[in-house]
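One chain is shown next in structure tokens, namely the form predicted on its own.
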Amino acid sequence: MSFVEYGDVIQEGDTAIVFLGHDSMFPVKVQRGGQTQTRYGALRHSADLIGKHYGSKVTCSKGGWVYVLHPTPELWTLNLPHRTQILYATDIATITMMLELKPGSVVCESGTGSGSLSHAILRTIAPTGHLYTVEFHQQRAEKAMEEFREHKVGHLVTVLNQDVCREGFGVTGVADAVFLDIPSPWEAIGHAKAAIKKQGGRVCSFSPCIEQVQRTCQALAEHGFGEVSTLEVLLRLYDVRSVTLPLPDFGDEAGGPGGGAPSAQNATMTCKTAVAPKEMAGHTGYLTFATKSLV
């Protein structure tokens, strides 16, 4: 099992996603002799998981059933243990596209946090790219490296435990792209410029406050970056409901009112409709992008 390569059969040591529903799922580390409790009963790892195909429908001890899914960066984002606030699919998709990431890209990231974006980057740049990720907090850095090894992507990533604003990314002139998710990204712009290749590259900064964006844009301009732009990605969810509507009475074929068979009177029709919520927590943060000038 790897987060960048698909494995067909569940093996001991894998991280699998137990899917109970779209709003109820969780990761489990498969261990021989292990057991995981769900609301439908127990899952016995040796008998119910190991050797089964990913995507299998597995019956629990109480008779209920779950699906066991292969892990992906998207599923990991929804299920990972939160050590920090994380980025979700809407921002991640925009970041990977706007940074022009592809297989073989070299990326510098700070901070690592809970590894949500890191896993998406690793799948995008595999099998020949590399991620240099910097985390200021020692325990978070150690836990991130442990997860990368368990998910069999450790060979694609280097985790550094240091202050990126003071010590940089530990590399110079190798990165195709740099991503910053730190409280004061403007202090790391110089290090970002040094890490990017001489022939140029892209940088992205994620900040929740517009004041942070203003200072970051100013620092980007001072360091000679061009094509500076800031955007906000908003996700709008809709509630799908069944509604029953009365059918209009258009009269009989001759055009007279109130016509038609008696059975057609007070007729109704049930259909699906989507309704936007009255209130929505939409703001996550601002994404600022820029390009390193060749001059």
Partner chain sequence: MEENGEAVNAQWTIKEGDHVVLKREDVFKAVQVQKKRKIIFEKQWFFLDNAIGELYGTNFEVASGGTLQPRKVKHEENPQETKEAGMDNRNIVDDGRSQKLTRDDIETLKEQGLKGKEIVQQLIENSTTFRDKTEFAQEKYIKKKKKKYESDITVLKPSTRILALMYHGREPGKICHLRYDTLAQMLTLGNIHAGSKVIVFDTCAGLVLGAVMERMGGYGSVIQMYPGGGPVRAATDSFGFPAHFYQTLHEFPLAKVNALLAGALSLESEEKSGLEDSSTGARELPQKTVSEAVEREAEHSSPDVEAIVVTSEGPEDKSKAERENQRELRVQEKKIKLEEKRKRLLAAASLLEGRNADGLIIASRFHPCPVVLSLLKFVAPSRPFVIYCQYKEPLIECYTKLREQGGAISLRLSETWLRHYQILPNRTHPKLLMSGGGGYLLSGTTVVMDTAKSLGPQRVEEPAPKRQKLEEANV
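Residue numbers count along the first chain shown, from 1. Quick caveat: nothing in here was measured; it's all calculated off a predicted structure.
Below, we refer to the form predicted together with the partner chain, which is not included among the displayed structures.
- Heavy atoms within 4.5 Å of the partner chain in the model of the complex belong, among the stretches 141 to 149, 185 to 193, 72 to 80, 157 to 165, to residues of 72 to 80.
- Using a 4.5 angstroms limit between non-hydrogen atoms, residue 89 touches the partner chain in the model of the complex.
- Though the partner is left out of this view, residue 35 does not reach within 4.5 Å of the partner chain in the model of the complex, counting heavy atoms only.
- Mapping the unseen interface onto this chain, residue 4 counts among the residues with a heavy atom inside 4.5 Å of the partner chain in the model of the complex.
- When contacts are judged by a 4.5 Å heavy atom cut-off, residue 137 does not count as touching the partner chain in the model of the complex.
- In the model of the complex, the residues of 226 to 244 lying within 4.5 Å of the partner chain by at least one heavy atom are, in order, 227, 229, 230, 231, 232, 233, 234, 235, 236, 237, 238, 240, 241, 242, 243, 244.
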